[in-house]
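Coming up is one lone chain in structure tokens, specifically the form predicted on its own.
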């Protein structure tokens, strides 16, 4: 009988998804590689064939979490031409997807555990790049708007800085909404974006 051929990319993704479920349930710091191996149904040594360290696995699992939300929202952006409406739809949809995702609370706990447990001055590798795609998406929307004279030239030049601020504010809003339970998230994001647009909209003749 021929040996079973394993698709390593698919197996790596499966491990990452199972690990993400473990991290969401228990937290990334306290979850051991042995626990993840049991969840996947493989030996602990097999995990190290796909990931050199637990940190690498955490990084990959977090990226899968963000990627899944980004993919769902990005597919729906194609039919929206106006950069202002694209950014509005993107910000609200991502925030609502995060709140509706049952893994969110656990993933956020895992992130905070990583920040607290890190004894160096360096940000844990698992957190680096988690929101890179969001920055790129918002930066692209802003630059497109500037090129089409919807936003100012300055907004186009400072698009990345604006994107970072936008993500920080929207993140704060959805986390506050989760914690309090009585905040109209969509209204608050619209309120912020309306203010932003007043600052960066190009003057029309």
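For the two forms, the rigid core is made up of the largest set of C-alpha atoms that agree within 1.5 Å on superposition. What you see is a predicted model, and the numbers here were worked out from it, not measured in a lab. Positions refer to the first chain, counted from 1.
The following text describes the form predicted together with another copy of the chain, which does not appear among the structures shown.
169 is the sole member of 68, 169, 33, 42 with a non-hydrogen atom within 4.5 Å of another copy of the chain in the predicted bound form. Though another copy of the chain is absent from this view, in the predicted bound form it lies within 4.5 Å of a heavy atom of just one residue from 165, 140, 46, 149, which is 165. Shown alone here, residue 112 lies within 4.5 Å of another copy of the chain in the predicted bound form, counting heavy atoms only. The closest non-hydrogen atom of residue 81 lies beyond 4.5 Å of another copy of the chain in the predicted bound form.
In the predicted bound form, residue 12 stays away from another copy of the chain, with no heavy atom inside 4.5 Å.
None of the heavy atoms of residue 8 is located within 4.5 Å of another copy of the chain in the predicted bound form.
In the predicted bound form, no residue of 63-98 lies within 4.5 Å of another copy of the chain by any heavy atom. Residue displacement note: residue 62 has its CA displaced by at least 2 Å between this form and the one not shown (rigid core superposed). The Cα position of residue 83 differs by less than 2 Å between this form and the one not shown after fitting on the rigid core.
The Cα position of residue 178 differs by less than 2 Å between this form and the one not shown after fitting on the rigid core.
Expansion of the residue 136-residue 58 CA spacing by 3 Å or more is recorded in the predicted bound form, set against this form. In comparison with the shown form, the Cα-Cα distance of residue 101 and residue 69 increases by at least 3 angstroms in the predicted bound form.
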